[in-house]
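Heads up, the chain below is alone and in the form predicted alone; it's given as structure tokens.
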Amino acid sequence: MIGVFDSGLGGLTVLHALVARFPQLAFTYLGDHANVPYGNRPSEEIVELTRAASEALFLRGAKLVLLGCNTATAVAARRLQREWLPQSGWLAKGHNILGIVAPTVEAATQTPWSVTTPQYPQKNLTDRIAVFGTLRTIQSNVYLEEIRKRCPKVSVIQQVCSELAGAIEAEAPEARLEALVEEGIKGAMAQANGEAPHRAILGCTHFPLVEHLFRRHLPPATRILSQPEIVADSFEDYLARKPQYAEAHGGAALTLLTTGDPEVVSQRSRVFWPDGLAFRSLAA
């Protein structure tokens, strides 16, 4: 079984792509709705909440946990991978944690994550890459730093879309969502002195739900990098290299867990997955 964790509901866009790509596998999704949002929490608290959620998924049978959340990935993934997993003993038992920043950076730079120094021809790339995200993800500078490790001449434009994720979850009218998207794009274009980005990263798992609005207001030549499909592509490659995580013990299954109120979360989840999902309490 493969675990997918998010602080809230945005990770359902990633989960949806994974379930569609790997219908034969079992997935368990855990949303920490009792503590959402993570954006205004101290880094140490985010690390601890992400660690606890990952361990909860391990204890329920997950061998691999994907952090389907940009904030959790940006703040906690590296710490958990380098420190907690080896020290806790989970790594020795074959468990692992992945994030969604690495495949996004790979897609943006066309460079494998393992390559951390500039290589030809990427080292000479002078493209503009715009990153649209929440405040905490942008403040972490994770996309800026990781892209520039591989493509030092690329211009990285970081644009906070602070209200967009909340508006999507609150089912704001299309006109309101479009205004927020247009505002973010205008901000990014202003940072680039009116120059259009060659690629645009939708660096929040809520944003794929309004990808059509980004497409409407970005220049036609700008390639949009939306995380669900990017993550699914990367995950397919990872499972080909690590087939032990793709073993379908018991066949396909989808389990949805929350630290919050299952009824409320199930209702709100319809924004992301209209078919009607039924969450259960993690504590049950």
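Quick note: we count residues from 1 along the sequence shown, nothing fancier. This is a predicted model, so every value here is computed, not measured.
Form predicted in complex with D-glutamic acid: not shown, discussed below.
- Tyr38 is the sole member of Tyr38, Tyr238, Phe27, Phe58 with a non-hydrogen atom lying within 4.5 angstroms of D-glutamic acid in the predicted bound form.
- Contact with D-glutamic acid in the predicted bound form, defined as a heavy atom within 4.5 Å, holds for exactly one of Val142, Ile185, Ala108, Ala165, namely Ala165.
- Taking non-hydrogen atoms only, Thr104 never approaches D-glutamic acid to within 4.5 angstroms in the predicted bound form.
- In the predicted bound form, D-glutamic acid sits within 4.5 Å of a heavy atom of Cys204.
- Heavy atoms within 4.5 Å of D-glutamic acid in the predicted bound form belong, among the stretches 253-261, 58-66, 214-222, 30-38, to residues of 30-38.
- Of the residues in 45-79, those that come within 4.5 Å of D-glutamic acid in the predicted bound form through at least one heavy atom are, in sequence order, Cys69, Asn70, Thr71.
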